[in-house]
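Structure 1 and structure 2 below are the same protein chain in two forms, each given by itself as structure tokens.
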Structure 1
Amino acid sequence: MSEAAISDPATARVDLARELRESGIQDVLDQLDRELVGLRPVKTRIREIAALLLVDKFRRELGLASETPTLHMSFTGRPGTGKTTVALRIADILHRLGYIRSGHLVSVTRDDLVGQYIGHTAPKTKEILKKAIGGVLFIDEAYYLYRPENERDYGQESIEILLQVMEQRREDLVVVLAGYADRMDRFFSSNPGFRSRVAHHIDFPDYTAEELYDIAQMMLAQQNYRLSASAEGALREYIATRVTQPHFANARSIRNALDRARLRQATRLLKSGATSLSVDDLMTIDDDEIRASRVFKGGLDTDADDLEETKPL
């Protein structure tokens, strides 16, 4: 929009399609499409928010709106559904539209905000907020901030500081609260101050089995691996079983399973004693490397990371 147009709102004209391209927002949305398989409802909601903020930006420039919109958000869903990736792209969009200064994202959990001793929590919380100001603060498993069963818990002190900053610095900081949907509902019920300050609630659905398979293929391609024909079938069987087991963490579980398959492939190649391996040998994961998982023996294919992400409240 030209300065001349801004100086005369009555005759101003806005080309939103051009602004969308020139702001780079379309590039960010396209990147999100490439990075994340599925999640159509989430992507639709992000496009809606981007459109709202783009229009609001020009409404403010033309004097049609005066207040900075509340941008704090809640992302609900199981682990491994792309919440952190979407938060990163949201930070980029907000920065490109001028809603935050730098577009950086600070990702934390309760341990980064709450201390173990009297007088320890406030400095920790304020230090994190200092790092996040000008960007986005992503609080994963935010419900762990509130532990009513422990009278000596210091989480409430951190919550009060966060609420104060979310209100007073909302032109310079966006907070994203993330975690399981049911636990976030209880968290908001116990802390209505948070609920009233969150403008956008976005639910991240679990991936379908076909989407998880596509994610696996994308992960492998990014690391220059491929599955043999029989391994492709084994992976589909693995996914069909793994999604029914406890501690399943969507794309994160798939990534961990592929990491273990790569370990088995490397071990097989080393034990083979081969002296002339081809590029194809180094790239191909075989059926056995997938079927060696405990999932095929009725066990759980989990590691410490999986369990940490799904620990009970």
Structure 2
Amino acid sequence: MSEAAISDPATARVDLARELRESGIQDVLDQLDRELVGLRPVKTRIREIAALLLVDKFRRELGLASETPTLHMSFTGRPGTGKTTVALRIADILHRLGYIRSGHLVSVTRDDLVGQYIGHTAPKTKEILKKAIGGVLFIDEAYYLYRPENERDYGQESIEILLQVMEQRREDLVVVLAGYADRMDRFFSSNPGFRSRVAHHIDFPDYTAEELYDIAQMMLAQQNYRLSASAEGALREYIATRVTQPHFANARSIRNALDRARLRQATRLLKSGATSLSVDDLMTIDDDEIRASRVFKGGLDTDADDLEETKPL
């Protein structure tokens, strides 16, 4: 911004569209749209935050007072709905907008923050905070920090330090809390300090079968695999069946299923003893590989490997 703009705010003009292009935010937002399937409410909220930060930047340049907005967030959703992935993107976006200085993500759980004996917790929590400063601190399954059943639990100490830092060093650090919705609600209701300091509560919806299919296609494309025509149908059936079974973890279940399909494909290729395989053969996953899954045989209790029926080489 030129100095003239500051000295004469009445006539100053800013070019928002150009700034949006130059900041590279549009790229990240487009990438978000491209690479993350579904998650409509999440994307909307990220766009809103990006817009606010960009406008705030201009307001500051034109000399309009603007307080640093609180950007601490809470991500709630079932497993595998993309909370960690989105946190990574948020770090990138906030960095590009100049809100945080370095744009890295430090992902921690209770073990990294809470100590084992008296006097251990504070240094441990502070060490993590020091690592996260300038970036985003992602606390997975944050509700484990608070254990109401044990009043001597050291988690409380960690929470107090976190709250203090979240309040005082807003320009240095963004804290993202993540976890299952119902437990997070309980966590927030027993820690009102947290609820009020977290400005954005974002809920990650479960994926629909159609979205899961798109995700599977995207994962395969990233790893240079593709499905044969019959395998596509098999995968749709697989997803429809898997969703109804226990321990379903959205995109993570799909990734595991594809990993196992790749194992079976490799086994099939080796067993076939083919002497000349084309690139196409190496890339294609056939419908047998999908249908071999235990999911089609009445389900499974865990994600444990359902490769047992594949005989060793």
Partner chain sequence: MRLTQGVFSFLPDLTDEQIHKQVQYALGQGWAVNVEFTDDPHPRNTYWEMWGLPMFDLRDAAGVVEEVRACRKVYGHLYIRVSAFDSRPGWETVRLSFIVNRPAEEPGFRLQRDEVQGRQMRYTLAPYAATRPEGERYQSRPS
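Residue numbering: structure 1 sequence, from 1. Under this definition, the rigid core comprises the largest set of C-alpha atoms superposing within 1.5 Å between the forms. These numbers were taken from a predicted model, which means no experiment stands behind them.
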item: Correct structure when looking for the form predicted alone; value: 1
item: Large Cα shift (2 Å or above) at His104 between structures 1 and 2, core-fitted; value: no
item: Rigid core superposition, Lys124 Cα moves 2 angstroms or more between structures 1 and 2; value: yes
item: Exceeds or equals 2 Å, Cα of Arg60 between structures 1 and 2, core fit; value: yes
item: Rigid-core-fitted C-alpha displacement of Gly115 between structures 1 and 2 (angstrom); value: 2.8
